[in-house]
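Consider the single chain below, provided in structure tokens and representing the form predicted on its own.
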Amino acid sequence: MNRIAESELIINSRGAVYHLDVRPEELAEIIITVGDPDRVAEVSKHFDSVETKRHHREFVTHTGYIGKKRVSVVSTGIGTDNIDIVLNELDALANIDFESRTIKPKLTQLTIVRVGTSGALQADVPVDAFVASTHGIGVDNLLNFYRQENNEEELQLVSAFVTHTQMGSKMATPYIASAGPSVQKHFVDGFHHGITITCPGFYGPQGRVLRLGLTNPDLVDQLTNFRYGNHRITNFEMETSGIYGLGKLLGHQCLSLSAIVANRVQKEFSKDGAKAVENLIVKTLGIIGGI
């Protein structure tokens, strides 16, 4: 087995992976990711016990127990550039022997559930509702740096999306990845389901206009109107496609859950987004505890 060089996998003086500052034994196989570092404590306060707390840069990790189930919650920060760091380092913690710097002969499949916020792109997905993403379509370019593997439905869906939006001519070529079926099946009741678009920014990339003009001022309408069979776009945010894409390539089961804090069609914003997120956290932990 080839040894992974020190420059490729950076391990610090306490034997922890570089950015997360977490050692392999400090990570559970069920992981909740959140964007906001302060949201980690908002999740772990519901744990029955917490055994590990780590904090490095924007990456905060708490590992503990819900009943007898061991769970970690990790902050990612915003954007798929950070997702590239977090997903690769979570996988390294699970599947690379830090002593020999070699890939383990038996790989561990992680369950990774994103709990975040998002903006709805359909009038019937109201603020404070929850979305479980069936697919992530990325217009951020991350997965174009990796060898992608798509099934026929995914290829047809993303091709239809490119034709509909004409993205790819002046922007990054869109890519697609699906939720992990073994975790998705548990998040049905109380959730809207649909495609999530992952954008490389909050303002122009999501069709917001402050002082700058946009190359595609009709973006929100194009996304709202997209249909492919029974599929439609329910929402957009900044991490889902990276989690789904890297998670699938690495062999993990991933799901992105969003509390809707804005509806871009209805021009509404939640009056209590923090409460919506808290409700999603409690619902998610209840489901995870019962899996």
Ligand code: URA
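Throughout, we count residues from 1 along the sequence that is shown. Quick caveat: nothing in here was measured; it's all calculated off a predicted structure.
We do not show the form predicted in complex with this ligand, though everything after this point is about it.
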- Query: Hey, in the predicted complex, does residue 119 get a heavy atom within 4.5 angstroms of this ligand?
  - Reply: yes
- Is residue 191 close enough to this ligand in the predicted complex to count, meaning some heavy atom within 4.5 Å? no
- Would residue 238 count as touching this ligand in the predicted complex under a 4.5 Å heavy atom rule? yes
- Contact test in the predicted complex: residue 206 vs this ligand, heavy atoms, 4.5 Å: yes
- Query: Taking the partner as it appears in the predicted complex, which of 22-30, 261-269, 40-48, 220-228 has residues with heavy atoms within 4.5 Å of this ligand?
  - Reply: 261-269
